[in-house]
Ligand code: C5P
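To begin, one chain is listed below as structure tokens, in the form predicted alone.
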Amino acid sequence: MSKFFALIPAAGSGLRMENNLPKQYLPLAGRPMIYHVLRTLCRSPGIASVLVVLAPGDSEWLKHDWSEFFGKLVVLDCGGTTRAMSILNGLKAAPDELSISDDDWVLVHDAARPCLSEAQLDKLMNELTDDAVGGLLAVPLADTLKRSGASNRVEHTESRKGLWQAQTPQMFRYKLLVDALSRPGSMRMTDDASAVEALGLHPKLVLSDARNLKITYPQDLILAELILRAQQKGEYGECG
């Protein structure tokens, strides 16, 4: 039976957050942002281990107490200059004692998506466990899309039919993910599904919702804290 592993690339700096502290360590609901990601993933009984890929020389990690995740958390300091490079480096550097096989599942999740719920995580794993390719959490686009031209004037309106907004986790077999990220040009791709698509495969879109937001700008932290507080109070049910 295939096992499930999670991997968090956390070697970035988050320049758009206008803060000298790397984004994954920004305070959110009294904890570093990445804490909330680790808590959800490490509490999942279906996930065998959670790998965090840090930038070499990351001293901020050591300033925090991660002891509650002992036994599931594996820290690797082999992050690269791109997200894809950090993921590939982490997959290749996974300790032998984890015994990751080619057919085991790897769920890659952004450190900047701290509001992932247990329900969303379980839904992804349940829907993809027997899938031939793998897939990702995503939401259909709801807003009207405008293509800009000169001086930020609308050039035309884009059809949103069939368009989805990709989220994470993105879940693929270990060997497939390594093969996809090892291809020329894959280091420039901004998500793992794109690398798998370049192999001619078609990942499955698993319906999520907007609460699994990505923290990109400072104002996103306010909304994320509201979502986390509501989750802790049990106000949100199943997604999708």
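Please read all numbers here as calculations on a predicted model, not as lab measurements. Sequential numbering from 1, following the sequence displayed.
Absent from the display: the form predicted in complex with cytidine-5'-monophosphate (C5P). The rest refers to it.
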item	value
Contacting member of K214, K204, R211, R31, with respect to cytidine-5'-monophosphate (C5P) in the predicted complex [4.5 Å, heavy atom]	K214
Sole residue of L124, L116, A111, V106 within 4.5 Å of cytidine-5'-monophosphate (C5P) in the predicted complex, by heavy atom	A111
Heavy atom contact within 4.5 Å of cytidine-5'-monophosphate (C5P) in the predicted complex, the stretch among 61 to 69, 23 to 31, 175 to 183, 38 to 46	23 to 31
cytidine-5'-monophosphate (C5P) in the predicted complex: contacted by all of A138, Q167 and Q170, heavy atom 4.5 Å	no
Partner proximity in the predicted complex: T82 to cytidine-5'-monophosphate (C5P), non-hydrogen atom cutoff 4.5 Å	yes
Contact test in the predicted complex: S86 vs cytidine-5'-monophosphate (C5P), heavy atoms, 4.5 Å	yes
Within 120 to 148, the residues that have a heavy atom no more than 4.5 Å from cytidine-5'-monophosphate (C5P) in the predicted complex	none
